[in-house]
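Before any questions on how it binds or moves, here is one chain, the form predicted on its own, in structure tokens.
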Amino acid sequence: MLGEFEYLVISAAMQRGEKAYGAAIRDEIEQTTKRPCSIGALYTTLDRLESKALIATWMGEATSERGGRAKRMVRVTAKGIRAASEFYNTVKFASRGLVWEAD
């Protein structure tokens, strides 16, 4: 099963679609969670997800906005979609009937 951060990375990549690359995924996670996202943790997780065949990555074109550096593009695989769906359904099931209220 996926961990929480792996799920966030896959979800962010899906949200960004064809424009999913490291910095865009990081921005999506930070906007969604309102928490900082370490670039090191992100790239370590991208490597791990790719080794599990949950994502595929490739080097995109170099862009002037990045000083001529290429972007590491990300695509979620069918296996990754299944894993994220399973994680989401597990959390949803585990949370059934709960009402979260602070004291």
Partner chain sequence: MNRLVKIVALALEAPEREVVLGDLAECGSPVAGALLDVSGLVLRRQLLIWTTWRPWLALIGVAGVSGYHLGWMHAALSMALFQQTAAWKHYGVHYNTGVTSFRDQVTHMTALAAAIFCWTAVNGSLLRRLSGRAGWLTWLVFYLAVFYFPAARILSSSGVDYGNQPWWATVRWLVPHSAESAAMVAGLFVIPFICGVLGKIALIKPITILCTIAAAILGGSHAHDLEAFSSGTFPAASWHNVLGPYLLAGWPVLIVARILRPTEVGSAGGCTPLEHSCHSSARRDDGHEV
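Being a predicted model, the structure only gives us computed values, none of them experimental. Positions refer to the first chain, counted from 1.
Below: the form predicted in complex with its partner chain, not depicted.
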Listed range touching its partner chain, judged in the predicted bound form by heavy atoms within 4.5 Å, from 21-29, 7-15, 78-86, 91-99: 21-29
Contact label in the predicted bound form: A53 to its partner chain, heavy atom within 4.5 Å: no
Contact of S38 with its partner chain in the predicted bound form (heavy atom, 4.5 Å): yes
4.5 Å heavy atom contact, T33 and its partner chain in the predicted bound form: no
Those residues of 40-62 which, in the predicted bound form, come within 4.5 Å of its partner chain by heavy atom: G40, A41, Y43, T44, D47, E50, T57, W58, M59
